[in-house]
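In C-alpha cells, one chain follows: the form predicted alone.
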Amino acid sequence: MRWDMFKGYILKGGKMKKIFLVVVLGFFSAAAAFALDGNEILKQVDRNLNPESFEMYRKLINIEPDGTKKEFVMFSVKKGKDKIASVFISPASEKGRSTLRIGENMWLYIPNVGKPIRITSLQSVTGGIFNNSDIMRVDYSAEYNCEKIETTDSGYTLYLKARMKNVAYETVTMFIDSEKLLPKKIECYAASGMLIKNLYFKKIKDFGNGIVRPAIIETSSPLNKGYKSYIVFAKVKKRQLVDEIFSLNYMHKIEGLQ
C-alpha cells in the first residue's frame, strides 16, 4: 500500500490512527532500548553513588570466622572522577594515618614515619577483604569501560573491562537497579576469569541534599571463606574542595578538614 493511501486511512478512522501511533511508539521504544549506552549508564551510577565533590565518614568492619571484629573509622573527601583522600579517626593505633589516591597512584602517610609511601590497589590498609581499590574508590567509569550491556526485568547488567593495567580487577560485572540507577551487586574477576569477590550494596538511605545511595557495602570472597567485611557510610554531603588537598604535601593535614 502506498503511503498516501495509508495516510488516508489514518485520517478517516480514529481506530486506524491509534494503531499507527502504537506501532510508531513501539518502534521508538525498541530503538531507545537498542541504543542504551553502557558507559553513559555507568557515569550516571557514579554520580548517584557520589556527588562530584563531597565529604563522608565511613566505618569499616572486618569479621573473622570466629566472630572477632575489627573496626576502623575514616573521614574522606573526594573530588572529580579520580581523586580521594582519607584519614583514620579510630582506632587509636591508626589515628592520623592518611591515604591519597590520584588516578592509579596511591599513597599511605604514617605520622611517625613522616613521609608518604607508595601502596598498591591489591594491598589493604585495613586488612580484611576490602583492598585499597575498594577503600579508595574512584569513579567506576574512570577505571572501566563497558563492553556489553544486557537488560532484564529488574535492571541492567554491565560487563566492564579495566581501562588501565594496575587495577585490582581485570573485569567487573555490575547489576544495576534500572529505576534508581544504583548498583545492587558487583562481581569482581581476575584476568584469569576467577571470581575474586562479590560486593553487595544495601540499605538505600537519603543523606539529604539529593544524595540517595546505599548506606552499606558488604563483601565476601570465595578466596577467604568465613570472612566478611562491611563499609557503613554516614554524613555524606556535598563540599567544595580545592585541588591542593589532593597532594602529598597535604596528607598530614587531612585530619584538620573535619
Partner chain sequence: MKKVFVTIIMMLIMVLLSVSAFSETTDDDLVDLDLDFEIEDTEKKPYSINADIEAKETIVFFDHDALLFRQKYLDGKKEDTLWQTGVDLTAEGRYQYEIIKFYGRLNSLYYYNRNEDFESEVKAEEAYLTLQPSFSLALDVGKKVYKWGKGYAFSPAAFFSRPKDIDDPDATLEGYFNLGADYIKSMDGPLKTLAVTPVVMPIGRDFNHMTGPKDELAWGSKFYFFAYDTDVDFMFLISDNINNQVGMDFSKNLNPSFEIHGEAALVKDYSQIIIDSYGKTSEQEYTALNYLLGLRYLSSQDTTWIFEYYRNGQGYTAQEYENYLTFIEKGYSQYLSNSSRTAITKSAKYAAYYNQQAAMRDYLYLKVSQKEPFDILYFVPAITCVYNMNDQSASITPQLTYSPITNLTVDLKAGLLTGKGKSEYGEKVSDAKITFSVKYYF
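Numbering follows the first chain given and starts at 1. What you see is a predicted model; the values in this text were computed from it and never measured.
Keep in mind that the form predicted together with its partner chain is missing from the display, and what follows is about it.
When its partner chain is placed as it is in the predicted bound form, which of 140 to 148, 183 to 191, 154 to 162, 124 to 132 ends up with heavy atoms within 4.5 Å of it?
That would be stretch 124 to 132.
Can we say Lys81, Leu195 and Asn209 each have a non-hydrogen atom within 4.5 Å of its partner chain in the predicted bound form?
Verified in the predicted bound form; spot residues all out of contact, no.
Test of understanding: in the predicted bound form, would Arg213 fall inside 4.5 Å of its partner chain by heavy atoms?
Residue-level check for Arg213: no, no contact with its partner chain.
Contact flag, Arg47 vs its partner chain in the predicted bound form, heavy atom cut 4.5 Å:
Output for Arg47 is no: heavy atoms all beyond 4.5 Å of its partner chain.
Even though its partner chain is not shown here, does Ile41 get within 4.5 Å of it in the predicted bound form, heavy atoms only?
Output for Ile41 is no: heavy atoms all beyond 4.5 Å of its partner chain.
Wondering, does Glu64 line up within 4.5 Å of its partner chain in the predicted bound form on heavy atoms?
The answer is yes: Glu64 has a heavy atom within 4.5 Å of its partner chain.
Within 112 to 141, which residues come within 4.5 Å of its partner chain in the predicted bound form, counting heavy atoms only?
The stretch 112 to 141, when checked against its partner chain in the predicted bound form, contributes Asn112, Val113, Gly114, Lys115, Ile117, Arg118, Ile119, Thr120, Ser121, Leu122, Gln123, Ser124, Thr126, Gly127, Gly128 at the 4.5 Å heavy-atom cut-off.
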